[in-house]
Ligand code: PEP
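There is one chain below, alone, in structure tokens, taken in the form predicted on its own.
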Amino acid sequence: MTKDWARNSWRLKPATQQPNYPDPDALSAAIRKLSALPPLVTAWEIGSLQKQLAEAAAGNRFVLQGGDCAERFDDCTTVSITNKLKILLQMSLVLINGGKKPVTRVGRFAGQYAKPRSEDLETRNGVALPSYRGDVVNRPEFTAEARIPDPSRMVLGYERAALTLNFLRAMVRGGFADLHHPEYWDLDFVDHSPLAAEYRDMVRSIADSLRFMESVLGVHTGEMNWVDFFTAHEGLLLPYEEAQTHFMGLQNKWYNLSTHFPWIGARTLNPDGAHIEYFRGIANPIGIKVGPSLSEDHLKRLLDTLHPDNEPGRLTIIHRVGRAKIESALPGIIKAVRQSGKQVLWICDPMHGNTHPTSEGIKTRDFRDIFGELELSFEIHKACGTHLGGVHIELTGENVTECVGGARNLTEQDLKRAYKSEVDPRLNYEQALEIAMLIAKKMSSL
């Protein structure tokens, strides 16, 4: 057990990116209610994920982590959940085919309801209101009532996460993820994708290989009827995370049982802060988002605090430095980790370092920058004697227009057609499938 730690010991540390709840009694009541509700995931599921992350860190597996930048409660629907699962399954199939190794699927959902913000207040036309911090905190409408932080929304977040997980598990275990029938995963507009023919050729090849193997062996590859699927979210809203942290006597450890894989965002990496204090005590595998401004000494302190026992699969470094800075920043990050003697899993987040506003002030990302950072990540890791073990993508199964570029060469003018995100721009279905194909080709060439 972690020394001098409790699930609420973070409250003794400076906490950033937390909402200012106006009613302390309502906050306490929400935390008590959440604490009494059943866990969303189990310790043995978490242990299974950690073993797979350790395999990825050793180069024997690849991790695909993807989903919405910020989930909306209104998107807890059959269509939305199914489409996100479909695109992640399709991407993983492409990566398995190209990388020739197993793929671990980790969805950014069933809990990705909170978002960090640059400012506590948002000002429009001279009116200042609390910033929208995700549906688990407040609502996006620019009204005084909507922007008041409401602790009861944490309970709503738990309920939406439980509904999402229940449906995901039913589909994954019920045969929806059967590799014999990847046609189940097609989205309605797949026929319009420039990559549709290439994808379907690959699917036919995999299906033929499965049938050949079954014919030779005289058995049905039943284990391919379903896949493991894990969830992840940024552990940002600490009262929410605390309430769902439980002591498991059999393992003699504390676990965050709201998700399999929580991570710490780049804005809450203060070694003496509340988020590091909370994360150091939970037994989940965890990730840290590392940007170009993080010093080597700072990173080493984080490794000592969060990864003291050098346990395989415990710590993942998700680097998010941007296409323009990766060649200057990533080698130093790798060097600092090697000097620490710690074993970690390396994942590239090519989204957050490549966000920029258009001439009209719309946030977007360029597909060329996204893949450019990924491509250089593979090459830099190889040159440094490490290897990239995964990718972290903000995406949606919807046909949105939020990122420019890709096979259809979306332009800034296209963004107004179907821009739905309340926070950060996401890759749409076609762009996500294209990035998976490009990653697979890169992996096969290494």
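Throughout, we count residues from 1 along the sequence that is shown. Predicted, not measured: the structure shown is a model, and the values here were computed from it.
Form predicted together with phosphoenolpyruvate: not shown, discussed below.
S.K.: Have a look at 148 to 156, 111 to 119, 90 to 98, 325 to 333 and name the one stretch with heavy atoms inside 4.5 Å of phosphoenolpyruvate in the predicted complex.
M.R.: Answer to the contact question: 111 to 119.
S.K.: Are all three of 72, 400 and 426 close to phosphoenolpyruvate in the predicted complex, meaning a heavy atom of each within 4.5 Å?
M.R.: No.
S.K.: Please tell me which of 371, 263, 255, 346 lies within 4.5 Å of phosphoenolpyruvate in the predicted complex, judged by heavy atoms.
M.R.: By the 4.5 Å criterion, the partner-contacting residue is 263.
S.K.: Of the residues 105, 160, 289, 84, which one places a heavy atom within 4.5 Å of phosphoenolpyruvate in the predicted complex?
M.R.: So the residue touching phosphoenolpyruvate in the predicted complex, by this definition, is 289.
S.K.: Should residue 320 be counted as a contact of phosphoenolpyruvate in the predicted complex, where contact means heavy atoms within 4.5 Å?
M.R.: Judged by the heavy-atom cut-off of 4.5 Å, residue 320 is in contact with phosphoenolpyruvate in the predicted complex.
S.K.: If you check in the predicted complex, is residue 241 within 4.5 Å of phosphoenolpyruvate, heavy atoms only?
M.R.: Close contact is absent here: in the predicted complex, residue 241 is far from phosphoenolpyruvate, nothing within 4.5 Å, heavy atoms only.
S.K.: With the partner left out here, check for me: in the predicted complex, does some heavy atom of residue 277 sit within 4.5 Å of phosphoenolpyruvate?
M.R.: No, residue 277 stays farther than 4.5 Å from phosphoenolpyruvate in the predicted complex.
S.K.: Closest heavy atom of residue 234 to phosphoenolpyruvate in the predicted complex, within 4.5 Å or not?
M.R.: Yes, residue 234 lies within 4.5 Å of phosphoenolpyruvate in the predicted complex.
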